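As C-alpha cells, one chain now follows by itself in the form predicted on its own.
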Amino acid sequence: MVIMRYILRYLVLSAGVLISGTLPAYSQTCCSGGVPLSGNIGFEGARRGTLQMEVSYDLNYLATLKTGAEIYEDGTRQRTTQSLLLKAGYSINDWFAIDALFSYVFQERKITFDEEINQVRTSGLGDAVLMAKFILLSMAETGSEVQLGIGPKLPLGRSDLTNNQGITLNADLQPGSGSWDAISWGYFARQLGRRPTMVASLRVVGRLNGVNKDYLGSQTYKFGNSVQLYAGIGDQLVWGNQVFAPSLSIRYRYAGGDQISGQLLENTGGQWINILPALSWHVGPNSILHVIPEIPLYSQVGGTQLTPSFRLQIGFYHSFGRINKNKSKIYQL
C-alpha cells in the first residue's frame, strides 16, 4: 500500500509537469469574461469520510476596453457574466479525495453605436470539472499542506446557441466550450510561526484545452491554454463570540490566443494581475460564509479586448464529517 501511494503521487506530479510544460507560446482563454471553472476547483484537505460542499454566486463585470496595456475608454461596450457554482468534495481517505464543480451561466453583451443598443443575452448549464486529489502532506499533522490534482473538464454546456435571427453566437457567449479539457492543480499551505490560525498559501492551476470540432457547423475552435498562480495569506480573528477570517490574495493569470480552424485568432489572450481582499464568517462549526471582491491591478491583452473592471463572489461552505479545527480558510477565485 505504501509503494502504491508513492507511485500515485509520482504519476500525478509528472502529469502536472507535463500539462504545464505543453502550454504553447500563444495559449489563452475564451475571453476575460468566461466562466470561472478552473480557478474555483479544489478544497483544502479534510479527514477521511468528510463531505465538503459550497454554493456560490460569481459576478464578472467588464467595461474596460484595452489595446495591449493601454485603456481605451469609449464606454460603448459592456459585458457581464454571472455564474452559479456548485462545488463538492469527498475525502475517501486521508490522502485521496475527489472534487467536482458544476456551473450555470448567465451572460450579457451590450454594444452602443450611434445611440442604438445591440444587446445579447444567453443562459444555460455550463461545463463541469472532475478532479482526483492526492494529499501529500496534512496541515493537522505537519503544519503544512501539499496537494496535487488532475482531472477533466466535461463539455456539459451547449456551444450552439443562436440569436433571434437564428445565427449561431460566437464562442465567448456560449455557456459551454464544446471541448474536453485537462486541468492540473497544485496547492501548498503553511502555518506561520506560533500562530496556527495564520496560513500562507500558494496555488497553481493549469488548463490544457481541447478542440470544439463543430463550431459554427463547419469549423473548429480551440480556446487557448491558461495558467493561474494564486498567492495569499489569511488569519482567523475572534470578535465577541464570532469568528472571522480575513485574507488577502494576488492572482496572476496568463492566457494566449484562441484558434479557429487552426489559425490564431486576433484580439484574444493576455496577462492579468488582480488583488482579492476576502472576508469569511464562520457562521457555525462546519459552515462558512465568504465574500471575495476582485480588483484589477494590471492587464495586458492581445489586440483590443474588453477586460474585467470588477469581480465579486459570494458563497456558502458547509462540511459534513470531521474537519481540522486549526486551519484557516483562505478563499480564492
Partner chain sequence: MKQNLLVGVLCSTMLLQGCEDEPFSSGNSSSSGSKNQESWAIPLDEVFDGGPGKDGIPALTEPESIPAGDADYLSDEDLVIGFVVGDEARAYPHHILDWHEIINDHVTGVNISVTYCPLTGTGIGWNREVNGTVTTFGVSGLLYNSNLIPYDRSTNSNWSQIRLDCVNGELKGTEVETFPLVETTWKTWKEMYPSTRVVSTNTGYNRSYGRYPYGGYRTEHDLLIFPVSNMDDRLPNKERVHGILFQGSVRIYTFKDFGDGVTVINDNLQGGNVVVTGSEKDNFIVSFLNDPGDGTTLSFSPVEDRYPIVMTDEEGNMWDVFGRAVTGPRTGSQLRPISSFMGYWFSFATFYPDLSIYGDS
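Residue numbers count along the first chain shown, from 1. Owing to the predicted nature of the structure, the values given are computational and were not obtained by experimental measurement.
A second form of this protein, the form predicted together with its partner chain, is not displayed here; the remarks below concern that form.
Heavy atoms of every residue among R77, N170 and N267 are located within 4.5 Å of its partner chain in the model of the complex.
Remark: G303 counts among the residues lining its partner chain in the model of the complex, judged by a heavy atom distance of 4.5 Å or less. Its partner chain in the model of the complex comes within 4.5 Å of no heavy atom belonging to V211. The closest non-hydrogen atom of G166 lies within 4.5 Å of its partner chain in the model of the complex. By the criterion of a heavy atom within 4.5 Å, M198 is excluded from the residues contacting its partner chain in the model of the complex.
Contact with its partner chain in the model of the complex, defined as any heavy atom within 4.5 Å, is confined among 92 to 100, 157 to 165, 138 to 146, 248 to 256 to 157 to 165.
Note on contacts: among L229, L130, L192, L125, the single residue with a heavy atom within 4.5 Å of its partner chain in the model of the complex is L125.
In the model of the complex, V55, S56, Y57, L65 are the residues of 42 to 65 with at least one heavy atom within 4.5 Å of its partner chain, listed from first to last.
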